[in-house]
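Listed next as structure tokens is one chain, alone, in the form predicted on its own.
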Amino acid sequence: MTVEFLYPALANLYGEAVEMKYIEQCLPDATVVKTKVNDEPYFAKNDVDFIYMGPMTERGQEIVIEKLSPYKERIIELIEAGKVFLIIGNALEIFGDYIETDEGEKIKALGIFGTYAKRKMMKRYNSLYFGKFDEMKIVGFKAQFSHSYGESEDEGLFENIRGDGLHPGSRFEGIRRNNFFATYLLGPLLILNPDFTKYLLSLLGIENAALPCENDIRTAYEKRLKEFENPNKEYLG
């Protein structure tokens, strides 16, 4: 099995460096490729099972769009083939049509999904999030300067229970197509949601996986879930 971390030195905000370490612990026998900004992505010419990319600065988004644009068709091919992608935070916006700045400039993105993002750099959006994925309850956090619009509900990832989705008023958080998963949720997401982590591992052919530190993680998840289900819990944003 091959796992590729795209641009880990650039795309590692909000604790996502820890998320990458956790993925490595979950997949101790995998070959892990850490693609640097000036490297050709490993997926361009090689088979890969799991591609991960985390959140980054707004300037980082522009760099990554430039670096990935030559490989748009290959990314689409991998998505259609059912390869597993996990795209976190504002990395989600790179796969939409464009990102609109405060000044109204539209930065062309990869155009794989029909979404577009709008930045408001003077207004950071912070929020808790509580949703569901199939029968799983999902918890997480948001810290972002932008929202995405133009989503198709057929490709929504998490259904909202409390908290906003891709944008205020949206019923869904994130994007899913086949085994491509993209979400604004931070956490780190996999450490906060052990059942979702096991689901992703099952897509990689690992059934009933024993997660690293699973007892502690599950205890923390159950405690957090009880807090998020409390109707008096305050949500920001």
Partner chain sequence: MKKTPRFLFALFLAKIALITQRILKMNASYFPGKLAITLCPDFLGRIDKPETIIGVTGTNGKTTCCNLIIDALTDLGYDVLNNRFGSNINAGVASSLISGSTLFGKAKKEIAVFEIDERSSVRIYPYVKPTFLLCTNLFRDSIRRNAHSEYILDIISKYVPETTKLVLNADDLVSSRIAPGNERVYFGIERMETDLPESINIVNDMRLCPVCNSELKYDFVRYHHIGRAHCPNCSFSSPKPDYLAKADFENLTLTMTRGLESTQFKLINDSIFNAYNLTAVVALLEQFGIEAKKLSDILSNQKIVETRFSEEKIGDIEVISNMAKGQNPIACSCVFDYVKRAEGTKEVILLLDDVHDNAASSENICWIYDADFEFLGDESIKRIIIGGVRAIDYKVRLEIAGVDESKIICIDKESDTPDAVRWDADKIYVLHELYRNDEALAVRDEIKRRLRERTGGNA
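Computed from a predicted structure; not experimentally measured. Numbering follows the first chain given and starts at 1.
The form predicted in complex with the partner chain is left out here; the points below concern that form.
Engineer: Determine which one of 168 to 176, 194 to 202, 53 to 61, 40 to 48 lies within 4.5 Å of the partner chain in the predicted complex, judging by heavy atom distances; exactly one does.
Structural biologist: Contact-bearing stretch, as computed: 53 to 61.
Engineer: At 4.5 Å between heavy atoms, is Val33 in contact with the partner chain in the predicted complex?
Structural biologist: Result no; Val33 lies far from the partner chain in the predicted complex.
Engineer: Check Arg124 for me: does it contact the partner chain in the predicted complex (non-hydrogen atoms, 4.5 angstroms)?
Structural biologist: Arg124: yes, in contact with the partner chain in the predicted complex.
Engineer: Can any non-hydrogen atom of Leu128 be found within 4.5 angstroms of the partner chain in the predicted complex?
Structural biologist: Heavy-atom contact with the partner chain at 4.5 Å: present for Leu128.
Engineer: In the predicted complex, is there a heavy atom of the partner chain that lies within 4.5 Å of any heavy atom of Glu227, even though the partner is absent here?
Structural biologist: Yes, contact at 4.5 Å.
Engineer: Can you name the residues of 176 to 212 that have a heavy atom within 4.5 Å of the partner chain in the predicted complex?
Structural biologist: Contacts from 176 to 212: Leu186, Gly187, Pro188, Ile191, Leu192.
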